[in-house]
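Quick setup: one chain, the form predicted on its own, written in structure tokens, and binding and motion questions come after.
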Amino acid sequence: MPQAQVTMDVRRVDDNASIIDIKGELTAFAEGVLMDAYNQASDGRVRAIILNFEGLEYMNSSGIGLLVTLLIRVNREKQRLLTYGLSEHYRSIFQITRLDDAIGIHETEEEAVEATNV
């Protein structure tokens, strides 16, 4: 059975936000890793989850589907989902799929963190 080719580290920015650093491939095999990282990042008080895609090597349609699943969970918890570090290719995919309407896309970590305080 294939295994996830991804690691995700969680960093707490402040009381309101956590960052998930994604390194590797975001595919269907990453579901458990992503949901574990979300659970670690979201302790009930965090109002924003920031996904850092600077270490992303590859994401397929199943990976996009995982982001939609994560977005549903984040919305259910009345949290916000933000990103930074997306390549131009993946920014285009976010626009085509309209994920950019629901997920805040930022250039840098500083911009994403600042957006959590708005």
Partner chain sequence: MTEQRPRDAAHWARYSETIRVPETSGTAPNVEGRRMVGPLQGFGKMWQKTYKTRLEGVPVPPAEVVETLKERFPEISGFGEGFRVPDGGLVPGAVALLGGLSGVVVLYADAESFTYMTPEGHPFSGWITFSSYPDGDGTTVAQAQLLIRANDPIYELMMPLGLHKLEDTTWQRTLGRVAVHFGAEGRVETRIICVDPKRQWRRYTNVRHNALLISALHAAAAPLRWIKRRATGTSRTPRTQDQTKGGTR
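This structure is a prediction, so every number in the text was calculated from the model and none was measured. Numbering follows the first chain given and starts at 1.
Separately, the form predicted in complex with the partner chain exists; it is not shown, and the next lines address it.
Judged against the partner chain in the model of the complex with a 4.5 angstroms heavy atom cut-off, the residues R12, D15 and L81 are out of contact without exception. Using a 4.5 Å cutoff between non-hydrogen atoms, Y90 counts as a contact of the partner chain in the model of the complex.
Within this chain, R76 lines the site of the partner chain in the model of the complex, having a heavy atom no more than 4.5 Å away.
The closest non-hydrogen atom of Q40 lies beyond 4.5 Å of the partner chain in the model of the complex. In the model of the complex, the partner chain sits beyond 4.5 Å of every heavy atom of V33. Although the partner chain is not shown here, in the model of the complex the stretch 89 to 118 places heavy atoms of H89, Y90, S92, I93, Q95, I96, T97, R98, L99, D101, A102 within 4.5 Å of it, in sequence order.
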